[in-house]
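Only one chain comes next, encoded as structure tokens, the form predicted on its own.
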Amino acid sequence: MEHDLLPSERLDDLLTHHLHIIQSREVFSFSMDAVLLARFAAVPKRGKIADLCSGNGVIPLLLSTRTQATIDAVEIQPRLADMARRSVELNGLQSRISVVEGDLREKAKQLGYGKYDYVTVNPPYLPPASGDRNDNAHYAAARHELNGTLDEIVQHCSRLLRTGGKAAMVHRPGRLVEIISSMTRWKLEPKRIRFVHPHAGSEANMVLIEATRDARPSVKLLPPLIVYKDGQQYSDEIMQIYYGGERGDTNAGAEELRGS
């Protein structure tokens, strides 16, 4: 598989699933938030799934271990889309995962409004003008809403879904009110919310939220997910998510939480 890699790239293992993913420090690598979203999402066994803001394709790769559905991965950055496409090929998943390069605001209609059973999205966390913008264009686009606002992303999640279809997102808790407001505006009713905390007693630094298209109001607040139990040792639940409880170290090929 090495001949498929560019000089700056490396091949990482994807946890316990016997999958591999192409990564490079020149562009944004996947983070824990993507792994948690892939596990949180209550994807159907079959059907059609879209993954928006897909990056190097980590979420579709992980979802392929949980469903036989076909998955369309939409990514605007050509370099990341190319890496995702090659990772799909390396894992022999071309018949199940398609990488769609382009702006989701333009590609959504081409993919088909109302055609999807489930949509996942790990969007940029920061508004365009907030915080220090990284000089690396790949990192800046991953962290800041340079290619679509949060409301635009939610809008296209909704448009892709059939009635009763679901969307799952990971984001920062500080924008939860904005997320819920946008979801309800676009006929996505929040149904499950789970906060992720670095340590017990610390503030949440991630929120996972799942919503259903054209549903009645009713939401469940799930138990908090604690990442570390002693210092930098993963909690039992995180160990189960990453390794099936098989390993004790904290190096899973994922970088730290994006934008933190």
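Keep in mind that this is a model prediction, so the values were computed, not measured. From 1 onward, residues are counted along the sequence shown.
Keep in mind that the form predicted in complex with a further copy of the same chain is missing from the display, and what follows is about it.
Student: Consider R46 of the chain shown here, and say whether it contacts a further copy of the same chain in the model of the complex, taking contact as heavy atoms within 4.5 Å.
Tutor: No, R46 is distant from the partner.
Student: Does any part of A69 reach within 4.5 Å of a further copy of the same chain in the model of the complex? Heavy atoms only, please.
Tutor: Answer no; every heavy atom of A69 is more than 4.5 Å from a further copy of the same chain in the model of the complex.
Student: Can you check whether H197 is within 4.5 Å of a further copy of the same chain in the model of the complex, heavy atom basis?
Tutor: So H197 counts as contacting a further copy of the same chain.
Student: Any chance A42 has a heavy atom within 4.5 Å of a further copy of the same chain in the model of the complex?
Tutor: Contact with a further copy of the same chain, no.
Student: Among the candidate stretches 23 to 31, 218 to 226, 61 to 69, 48 to 56, which one is within 4.5 Å of a further copy of the same chain in the model of the complex when only heavy atoms are counted?
Tutor: Single hit among the candidates: 218 to 226.
Student: Along 196 to 212, which positions have a non-hydrogen atom within 4.5 Å of a further copy of the same chain in the model of the complex?
Tutor: Heavy-atom contacts within 4.5 Å come from H197, A200, G201, S202, E203, A204.
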